[in-house]
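The chain that follows stands alone, in the form predicted alone, written as structure tokens.
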Amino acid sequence: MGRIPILLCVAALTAAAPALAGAADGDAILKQQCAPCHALSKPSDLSLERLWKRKGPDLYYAGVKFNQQWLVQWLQNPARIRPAGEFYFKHVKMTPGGDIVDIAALPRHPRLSKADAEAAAAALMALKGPDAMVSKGAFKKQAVPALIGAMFFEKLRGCAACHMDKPNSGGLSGPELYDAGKRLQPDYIYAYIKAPQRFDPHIWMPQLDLSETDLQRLANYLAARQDAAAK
């Protein structure tokens, strides 16, 4: 009688072996699919020349930047986050009506299957970057009226010169931010606004030197932007 459960366990493990053997390997996917364009460990070269030449944003701190569920969905159906690509001047053309994004010049991101996207996202979430790059709990959730937040974003701090906080409204050179709360972790939003050069030493994003009150207000406004069609 005592041998039956053991035999059943062995049979169950044997039956599951093919599925386990075929499970997606997140680290292998990152190496094959992501490493050609993204840094998966902190680069030794942090020069302006490297920033100019890189094909995609660094991912060595993806685990403290992105929300995992967003990653899973985005990797299956990637869409542009920066309207003009990783570096604005490489993907725009001049017209009599002003600069426009040259869509044909923008590289396409590979699509992953659901299983591969889940495995890759899990592997990305394990990449935390250097200690204290993002301080956990620095973001303090608070209610910020949408009108006040939008005025702060668009008028008082000039964020709209480079970013959109609603579709088709704002700049093209920086990432779209109307779904920032869905894509990004709140502590990362806070940390990046506070000191963008901590993440990219030569990035053109200015350090705004905001008071703690204003920093929290702007971070909370962006963290509340969850919907790509937000108004």
Partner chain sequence: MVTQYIRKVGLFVLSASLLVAGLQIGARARADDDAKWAATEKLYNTYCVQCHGMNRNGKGINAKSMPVQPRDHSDPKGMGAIPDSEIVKAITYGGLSVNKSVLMPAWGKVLSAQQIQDLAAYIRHVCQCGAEAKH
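These numbers were taken from a predicted model, which means no experiment stands behind them. Residue numbers count along the first chain shown, from 1. Only the largest set of C-alpha atoms that superpose within 1.5 Å between the two forms is called the rigid core.
The protein also exists as the form predicted in complex with its partner chain; that form is not presented, and the subsequent description refers to it.
When contacts are judged by a 4.5 Å heavy atom cut-off, D45 does not count as touching its partner chain in the predicted bound form. Interface residue remark: V64 is not counted as part of the site for its partner chain in the predicted bound form, having no heavy atom within 4.5 Å. When contacts are judged by a 4.5 Å heavy atom cut-off, M94 counts as touching its partner chain in the predicted bound form. Contact between E212 and its partner chain in the predicted bound form is not found at the 4.5 Å heavy atom cutoff. A single residue from the set L156, A122, I103, I148 has any heavy atom within 4.5 angstroms of its partner chain in the predicted bound form; that residue is L156. Residue-level contacts in the predicted bound form: of P57, P175, P167, P206, one residue has a heavy atom within 4.5 Å of its partner chain, and it is P206.
The stretch in contact with its partner chain in the predicted bound form, judged by heavy atoms within 4.5 Å, is 158 to 166, chosen from 184 to 192, 32 to 40, 158 to 166, 65 to 73. Taking its partner chain as it sits in the predicted bound form, the stretch 62 to 98 comes within 4.5 angstroms of it through a non-hydrogen atom at A84, F87, Y88, F89, V92, M94, P96, G97, G98. Superposition of the core reveals a Cα shift of 2 Å or more for G98 between the shown form and the other one.
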